[in-house]
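Here's a solo chain for you in structure tokens, the form predicted alone.
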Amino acid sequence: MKIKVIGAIAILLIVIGASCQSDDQIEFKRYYSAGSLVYQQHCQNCHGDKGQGLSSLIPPLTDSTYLKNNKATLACFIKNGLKGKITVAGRSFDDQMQADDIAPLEIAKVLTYVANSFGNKMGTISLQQVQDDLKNCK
């Protein structure tokens, strides 16, 4: 009988411990899951369901180095579009990405999704970060 009680208590403690998450972890999961939906609605047609891009026309979103090096301008690319030659994953792209007039919160969510999908691991892209980055768009 004691073993069953101790076992039940141990299982209860494990379940409680596993379900405890920090506010940052909860925010990340909220942004990531909502970002997946934004990606499907606004980005997937061009960049693909796995972020693979489209041949030599549309760059992939799988290049962590490019994303990290351009982290402060990614929100601007979404909001204002992108024109001109860029190099991603060692390949050149010279097409135009159309602007997408979505709210800064949606930009933060989709960037969190992209920044943590397709082999990328960059953590949460916060609303505050997106708002700050949008102020510095060129």
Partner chain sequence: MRKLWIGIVILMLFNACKSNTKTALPILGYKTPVTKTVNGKTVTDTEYATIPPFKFVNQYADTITQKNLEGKIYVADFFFTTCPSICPVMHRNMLNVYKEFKDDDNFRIISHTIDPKYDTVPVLKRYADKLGISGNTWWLLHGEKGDTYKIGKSYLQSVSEKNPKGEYIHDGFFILIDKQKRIRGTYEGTDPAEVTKLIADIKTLKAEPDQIAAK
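It should be emphasised that the depicted structure is a prediction, and the values quoted were computed from it without experimental measurement. Numbering follows the first chain given and starts at 1.
Only in words, not in the display: the form predicted in complex with the partner chain, which the text now covers.
Look at 74 to 82, 27 to 35, 54 to 62, 108 to 116: in the model of the complex, residues with non-hydrogen atoms within 4.5 angstroms of the partner chain sit in 54 to 62.
Although the partner is absent here, Gly48 is a contact residue: one of its heavy atoms lies within 4.5 angstroms of the partner chain in the model of the complex. Among heavy atoms of Asp100, none comes within 4.5 Å of the partner chain in the model of the complex. In the model of the complex, the partner chain sits beyond 4.5 Å of every heavy atom of Asn69. Mapping the unseen interface onto this chain, Gln44 counts among the residues with a heavy atom inside 4.5 Å of the partner chain in the model of the complex. Contacts with the partner chain in the model of the complex, taken as any heavy atom within 4.5 Å, map within 74 to 98 to Asp94, Asp95, Gln98.
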